[in-house]
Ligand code: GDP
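Presented below, as structure tokens, is a lone chain in the form predicted on its own.
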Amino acid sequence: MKILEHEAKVIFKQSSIRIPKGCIIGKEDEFKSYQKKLAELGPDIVVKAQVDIGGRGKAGGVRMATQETARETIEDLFSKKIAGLPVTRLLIEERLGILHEYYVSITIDRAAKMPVILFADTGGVDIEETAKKNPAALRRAYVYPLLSDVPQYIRRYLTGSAPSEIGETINRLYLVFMAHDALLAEINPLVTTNEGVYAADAKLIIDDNALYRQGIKENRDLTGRERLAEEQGFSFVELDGTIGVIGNGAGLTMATVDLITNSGGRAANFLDVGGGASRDRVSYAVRMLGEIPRVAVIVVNLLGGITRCDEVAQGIVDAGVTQKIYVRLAGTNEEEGRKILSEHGYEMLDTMEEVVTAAVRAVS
């Protein structure tokens, strides 16, 4: 789950990572209710939309202002959408006297099965371009996950000639990363000023599987449909295509999504109904996809082991959706499933390549 900037900065501050002075305001708050707080931030301020996207600055979600222009800037941001997202909260901070910008992030290298720290002597909005054009500018180091701190020699390697306080900040960020079961902890930019080192921005993504342990009751990243699917025990992710996908088993479902992409189509979702899916479970899954307006056709690709093909077929029939359904079933009670589908006007194809090709052709 993605943590918004102002929430991440609270966590960073608790771990002694210095952050700018600031305050949070909501769209419904009256200007006079926070005017005094703004005055305490100094003559020059930064107004930041709290929306869950990268590149807010380039999208117009970060504005420089003064005490005199604060109200106009705030009202203007609240009236806009940033990358299609409405702005309901703003983080307003003091404007720092920046001497230099750095970049630091910690994530998981799944191949190495270890946290990896990335550091660059230049941070800011163009860090992605820097990484592409000059990969050597981005230094990286692995940390054995049982270590309680980042060893000093790793800090020195990463920071080079940067101030020593940068190394300590990297270590504190690592402690945040480990303590909060994070998949990503990032400061971009990490800045130096005459007063010291500050996290001018903050990004934190917590592993969905650790939300309960972190005391988080609700995954805000889930869409309404993803939340409903979670309640049904489905593995479901919304995508932006037009071909609905139902499979059983993460590998088979992902392979179906990949084959659709490789065939020139775009999947509307990933939906794994799991093993042993019953008639009612399949029917619910098909209806859920049928209610997504952009879904033009649906691909059902299931292997019958503990899942019975006749149960799946009956579930498809029960759903009664208006979209064309391309079905491939193989395994237990396959012929019974084929007969049920045929009797109700559905065609069952023999391979996943055939159903994907037919579905892509139908939406082309």
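Source: prediction; values computed, not measured. Position 1 is the first residue in the sequence shown; the rest follow in order.
Omitted here: the form predicted in complex with guanosine-5'-diphosphate. The next part is about that form.
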item: Within 4.5 Å of guanosine-5'-diphosphate in the predicted complex, all of 55, 95 and 101 (non-hydrogen atom); value: yes
item: Exercise: residue 48 in contact with guanosine-5'-diphosphate in the predicted complex, heavy atom 4.5 Å; value: yes
item: Interface membership of residue 189, guanosine-5'-diphosphate in the predicted complex, 4.5 Å heavy atom rule; value: yes
item: Residue 201: touches guanosine-5'-diphosphate in the predicted complex, heavy atom cutoff 4.5 angstroms; value: yes
item: 4.5 Å heavy atom contact, residue 39 and guanosine-5'-diphosphate in the predicted complex; value: no
item: The single option of 296, 317, 62, 303 touching guanosine-5'-diphosphate in the predicted complex, heavy atom within 4.5 Å; value: 62
item: In the predicted complex, segment of 107-115, 193-201, 241-249, 74-82 with a heavy atom within 4.5 Å of guanosine-5'-diphosphate; value: 193-201
